[in-house]
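Starting off, we have a lone chain in the form predicted alone, written out as structure tokens.
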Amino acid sequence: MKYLSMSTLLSVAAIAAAAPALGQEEQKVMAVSIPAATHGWTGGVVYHAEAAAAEIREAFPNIDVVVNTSPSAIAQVGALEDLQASRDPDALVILPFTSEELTGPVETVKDAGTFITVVDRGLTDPRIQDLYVAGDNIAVGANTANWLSEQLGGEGDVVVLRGIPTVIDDERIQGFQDALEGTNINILDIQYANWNRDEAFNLMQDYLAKYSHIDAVWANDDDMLLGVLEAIDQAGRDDIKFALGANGMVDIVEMVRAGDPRTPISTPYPPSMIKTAMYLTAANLNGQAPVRGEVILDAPLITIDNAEEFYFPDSPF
């Protein structure tokens, strides 16, 4: 088994997107299973998956791309069973709704001889995947925490909003907590808000009622951050110096560009990573390269100095 470097993998992705490959007489099926647009980031995933499917069909007429969206983990399990029974896919590109609930069903698909590409929310058993494409979630948490510690002088009280129980959420929280070790920054509370703006609004209201003083808030997703900001503004709380998120949502990058004092940074986590995963899988199906391994995208801080590089006003997220 050959493992390719990140640069080589991305080169293969570009080839797969741009030009037909040899051996197109053999028909292939690529199934793509992703969450429905339950929040802004997954809305971006759906948008880019559908765009990539159209591009791959045009470049590779022998690859039938089937995109399926699911509103819940249970629905995604059922969708996988239906796809396997009705289409017998040669490759599966999956962004699991949750890690634990999808690991077993994906392993069943793998056992049938299907090439498995996992995107973003990793499985609990990484041995199942042939290819993994994601952002550097530990860096998302660590880079945010390091910046926050510097701004607060290494001391203060913060509250944290988690996403949903997944590997990537665990990694973000791990990166954040590890980076704060050795400081005098105290995490007052940390609870799940399921990467949902409304749930984040409600949780932030609870935090505000429970804690009379909060120096900073980290919502590890920008959809949640919008709910956090709304709750803070409604409460009129002026003790909160910073309210930070993650993922580089266009609304948040606009704040960073404008020099918003409360939200002066973000970190990128582009939903277009689904496109990279699909292009690489198409390249593997057509025998252009034995694609295996991991593609991990960087997570540098987005600041007022570099925000233009991450600002895409027409983006769905």
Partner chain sequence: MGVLINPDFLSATNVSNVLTRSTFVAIIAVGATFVISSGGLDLSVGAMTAFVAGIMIMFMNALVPSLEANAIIAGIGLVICVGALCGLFNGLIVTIGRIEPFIVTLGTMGIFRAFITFMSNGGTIPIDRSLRDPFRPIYFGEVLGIPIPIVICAIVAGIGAFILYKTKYGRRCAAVGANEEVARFSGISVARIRTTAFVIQGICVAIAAVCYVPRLGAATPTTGLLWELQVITAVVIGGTALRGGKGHIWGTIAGAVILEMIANLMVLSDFISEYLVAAVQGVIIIVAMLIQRFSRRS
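Computed from a predicted model, the values in this text were never measured in an experiment. Positions refer to the first chain, counted from 1.
The discussion below concerns the form predicted together with its partner chain, not included here.
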- Message: When its partner chain is placed as it is in the model of the complex, are E55, D111 and P271 each within 4.5 Å of it, taking any non-hydrogen atom of the residue?
- Response: no
- Heavy atoms within 4.5 Å of its partner chain in the model of the complex: which stretch among 135-143, 100-108, 85-93, 190-198? 190-198
- Query: its partner chain isn't shown here, but in the model of the complex which of E81, D178, D206, D239 has a heavy atom within 4.5 Å of it?
  - Reply: D206
- Item | Answer option from A31, V256, A283, M249, heavy atom within 4.5 Å of its partner chain in the model of the complex | M249
- Query: Might V66 be said to contact its partner chain in the model of the complex, defining contact as any heavy atom within 4.5 Å?
  - Reply: no
- Would A37 count as a contact of its partner chain in the model of the complex, using a 4.5 angstroms cut-off between non-hydrogen atoms? yes
- Give a yes or no for D130: in the model of the complex, does one of its heavy atoms lie within 4.5 Å of a heavy atom belonging to its partner chain? no
- Though only this chain appears here, would G43 touch its partner chain in the model of the complex if you measure heavy atom gaps against 4.5 Å? yes
- For the stretch 302-317, which residues lie within 4.5 Å of its partner chain in the model of the complex by non-hydrogen atom distance? P316
- Item | in the model of the complex, shift in Cα separation for H48 relative to E309, 3 Å or more | closer
- Message: So the CA-CA distance for T38 and A231 moves by at least 3 angstroms in the model of the complex. Closer or farther than here?
- Response: farther
